[in-house]
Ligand code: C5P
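The chain below stands alone and is given as structure tokens, in the form predicted alone.
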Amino acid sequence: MSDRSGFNIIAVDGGAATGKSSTSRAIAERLNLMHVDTGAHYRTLTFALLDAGADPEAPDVIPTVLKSLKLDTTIKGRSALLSINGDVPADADIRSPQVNANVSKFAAIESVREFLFNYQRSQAQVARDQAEFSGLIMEGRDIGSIIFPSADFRFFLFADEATRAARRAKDGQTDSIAERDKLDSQRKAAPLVCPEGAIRVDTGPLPLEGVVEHICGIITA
């Protein structure tokens, strides 16, 4: 999906605590890219749905709630943040225990994923419209498989469960890695998979800088 100006789209996928966010942000800084965290999209939408009284156990009523929500983008530094009805929730709000307990449940609902699909794809044009960026790096669980299957570069990050659990604990998160993996990989709508042809990167044995160097080396080769 690159164009003649050299604009690149980079997809970074992986399970919880595989280092997607820290790696993607560091790459965005190094290569002058706009960074999009689609995990934060689902967290922000989960926060809004819960605030509106929606329940992931009652998916039939969720489309009606979604119709009341208007999506937009707020640029903050190199990050493109999802705003809903003109508001970008605080990071503490979208990472609360209540959101942690429900985000994978909402993300497994087809109407929720369809609601975000076109918005997430539109972020490539948002990045192009911001003259200071040379491309887009988007992270999540279905970027290389569903959102941008023809991205210029597609990476899939992974690490062993113990390493990932330790990372979550360090960040103050208490949700189960195994349960998140099960929900993400077994959902019917856009399950977490390693996209065919994606470059697999084991983030367990490498420090962040090593992961960033490895991926940037591939992109700029």
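The numbering used is simple: start at 1 and walk along the sequence shown. Because the structure is a prediction, the values reported are computed rather than measured.
Although not depicted, the form predicted together with cytidine-5'-monophosphate (C5P) is the subject of the following passage.
Participant: Out of 24-32, 63-71, 148-156, 41-49, where are the residues with a heavy atom within 4.5 Å of cytidine-5'-monophosphate (C5P) in the predicted bound form?
Facilitator: In the other structure, the partner sits against 41-49.
Participant: Even though cytidine-5'-monophosphate (C5P) is not shown here, does G135 get within 4.5 Å of it in the predicted bound form, heavy atoms only?
Facilitator: No.
Participant: Look up in the predicted bound form whether L82 has a non-hydrogen atom within 4.5 angstroms of cytidine-5'-monophosphate (C5P), and give yes or no.
Facilitator: The answer is no: L82 has no heavy atom within 4.5 Å of cytidine-5'-monophosphate (C5P).
Participant: Check S104 for me: does it contact cytidine-5'-monophosphate (C5P) in the predicted bound form (non-hydrogen atoms, 4.5 angstroms)?
Facilitator: Yes, S104 lies within 4.5 Å of cytidine-5'-monophosphate (C5P) in the predicted bound form.
Participant: Hey, in the predicted bound form, is R180 touching cytidine-5'-monophosphate (C5P), heavy atoms inside 4.5 Å?
Facilitator: Because a heavy atom of R180 falls inside 4.5 Å of cytidine-5'-monophosphate (C5P) in the predicted bound form, the answer is yes.
Participant: Scan 125-147 and note down the residues that get a heavy atom within 4.5 Å of cytidine-5'-monophosphate (C5P) in the predicted bound form; none is a fine answer too.
Facilitator: In sequence order, G140, R141, D142, I143 come within 4.5 Å of the partner.
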